[in-house]
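One chain comes next, on its own, written as structure tokens: the form predicted on its own.
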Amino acid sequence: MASERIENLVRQMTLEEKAAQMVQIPYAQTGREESLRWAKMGAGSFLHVLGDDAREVQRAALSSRLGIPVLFGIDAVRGHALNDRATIFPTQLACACAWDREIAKDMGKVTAREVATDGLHWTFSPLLCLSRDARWGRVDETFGEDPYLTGELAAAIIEGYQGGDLASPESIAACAKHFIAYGEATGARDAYDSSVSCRKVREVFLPPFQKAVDAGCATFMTAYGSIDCTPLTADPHMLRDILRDEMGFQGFVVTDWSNVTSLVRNQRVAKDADEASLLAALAGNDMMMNSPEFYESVIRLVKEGKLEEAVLDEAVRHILTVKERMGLFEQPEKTGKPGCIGCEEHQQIALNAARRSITLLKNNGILPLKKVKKIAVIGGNGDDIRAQYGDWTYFTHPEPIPGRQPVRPYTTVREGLEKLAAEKGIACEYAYGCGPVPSEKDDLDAAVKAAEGADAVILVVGDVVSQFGENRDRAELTLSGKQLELFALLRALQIPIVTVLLSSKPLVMGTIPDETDALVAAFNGGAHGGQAVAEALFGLFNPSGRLPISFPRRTGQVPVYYNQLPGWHGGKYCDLPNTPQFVFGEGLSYTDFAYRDLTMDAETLTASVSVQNVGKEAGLETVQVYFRDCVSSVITPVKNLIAFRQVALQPGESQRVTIQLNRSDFSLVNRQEQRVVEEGEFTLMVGRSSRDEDLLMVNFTL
């Protein structure tokens, strides 16, 4: 229910003011003069406007007839990274490698504080789509392939953004996106149709969004795409029946960029702006991002009797209620914490997140680096801060600026290794070799020469921002350019090779996983990703990352997500093994852990297992809990993650880990689209990854 103040405001508003409140204006595209005109008309929100420009727009809005404050939104998806002075965190995918709710929460808290200090209110984050096909361009923005892990990290980062009170000077509104099944588009084609059933939506894609609702997420964003050919922007069943009536969402819904316009131009379900605006309003979208034609269309629709004004009243109530929750009527500008943007405290939190993201996938004993007198660092991505940052920073948005200079502090892999090597009296030579995209800088011979005489080669491979992001889906996931050729030449030197994958997503690495001496997944680690890699290689900390996403052996093997359905004849392609290259939950350490004595009390639903550090180093282990429904009314996955715990153990130390589960953890969505728990036999699996060989198993009956 809206407050008395909001109801009074709605009663005072003209039709034109209501329509304006439902429009979000992109400042960078619209320009200063036109933006100020929209602010005086009562536009509800602006995006991608910073500092004094935002303050000028707000003054214009407050001088309008009713003085309703503007809500400023920005894509602060991994720190306030569109501001070149801000703290730049690892991507969501890299963050998810930590499997740590507190890491995600801290990331949200720091981002909120810096965004608020810039006077802004709202971030379009977190992204809760599942990356079940690595060809999709936006894999880096996700928390990986699993609904449970995604939901847990989503709730944590939302808590970080919004804090205990949205009206706090250091809190901002979160936006759960993209509702829904956007990442499941056919062929991993961004914004394309997702041919999935409503039952599948409820079972696989809805749970993370339900956790966002339960966490009090202030706003939701509709997806670009469609489900079974119905655009999400024009789907009242999803936005009204499910999101609001069933899930209990109380905030407001914003479309993605130009979604209303897209109903006409791209998806062709509306003949003109009027029909598109009618569909969007009736579906339950409250605010229209970058579809300014909605304003005149919706006014015309009401005046012609084609749309009830009550539909606008409802949308405006939703928007104004969020503004009221944020305290904007009393304090239109967030104040944050002066001086905090990019401060040392925040940089240390980002460094910790980068360290926790480092995931060791192979090690034949070469790591940590010891007894080496010279190392060679090879590869374009080893000294490319743009590749290390990845997408959604000041390099790429609101628009790419190829000549933009990077702003310190940051540390590339080369810089991190050179610094630590110098401190240890170790020679370190760098050669570009090649990058992911062929260029005149490529020089494989120089790279081989630099490696000669080294005791170890650190080869950094991966991708660059031209190979991922919106509108950049990949048909082929194999390492691009001459990177595989470079590896082969270095391998021929018979010098130990440590391969670092600095990328936006899982990539197909040819013979590298089999032939390299060690393999580290670093993904896009943010400003301090290079330092984190260097520290991990030299053993300054013990890597504890675990993959939130599976790696295919070849592109044609996708999708390879761990929670597949059974029933495939033969269970594999005839020309490939039946397993991914690396599985969900996988990750090594500089120590080893042993699991023993798994028990499950079916009455109390309490699982218990003993975990011991059987190695020589202190380490952090992620205990992963999965289950399988042995017989069910619909086909269910071979396993599903339902819990995880992290335990820090000294060498030789053992701990009994007890995990309290709930009956709902073992539920499914039946043919009637109802979430139920069916009685019968279940298998509980506990261990270090989703691979069967890494799991202890016990059966029980519900």
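A quick note: this is a predicted structure, and the numbers were derived from the prediction, not measured. Counting begins at 1, following the sequence as shown.
A second form of this protein, the form predicted together with 1-deoxynojirimycin, is not displayed here; the remarks below concern that form.
S.K.: Taking heavy atoms only, is residue 256 within 4.5 angstroms of 1-deoxynojirimycin in the model of the complex?
M.R.: Looking in the model of the complex, residue contacts with 1-deoxynojirimycin include residue 256, since a heavy atom lies within 4.5 Å.
S.K.: Determine whether any heavy atom of residue 470 comes within 4.5 Å of a heavy atom of 1-deoxynojirimycin in the model of the complex, and answer yes or no.
M.R.: Yes, residue 470 is a contact residue.
S.K.: For residue 323, is any heavy atom within 4.5 Å of 1-deoxynojirimycin in the model of the complex, or not?
M.R.: Result no; residue 323 lies far from 1-deoxynojirimycin in the model of the complex.
S.K.: Give a yes or no for residue 40: in the model of the complex, does one of its heavy atoms lie within 4.5 Å of a heavy atom belonging to 1-deoxynojirimycin?
M.R.: Output for residue 40 is no: heavy atoms all beyond 4.5 Å of 1-deoxynojirimycin.
S.K.: Select from the listed residues 224, 205, 626, 582 the one whose heavy atoms reach within 4.5 Å of 1-deoxynojirimycin in the model of the complex.
M.R.: Going through each option in turn, the one that passes is 224.
S.K.: Using heavy atoms only and a 4.5 Å cut-off, determine which of 333, 592, 429, 75 is in contact with 1-deoxynojirimycin in the model of the complex.
M.R.: Residue within 4.5 Å of the partner: 75.
S.K.: Heavy atoms within 4.5 Å of 1-deoxynojirimycin in the model of the complex: which stretch in 338-346, 149-157, 229-237, 176-184 meets that?
M.R.: Of the options given, it is 176-184.
S.K.: Could you list the residues in 45-64 that come within 4.5 Å of 1-deoxynojirimycin in the model of the complex, counting only heavy atoms and keeping sequence order?
M.R.: The stretch touches the partner through 47, 48.
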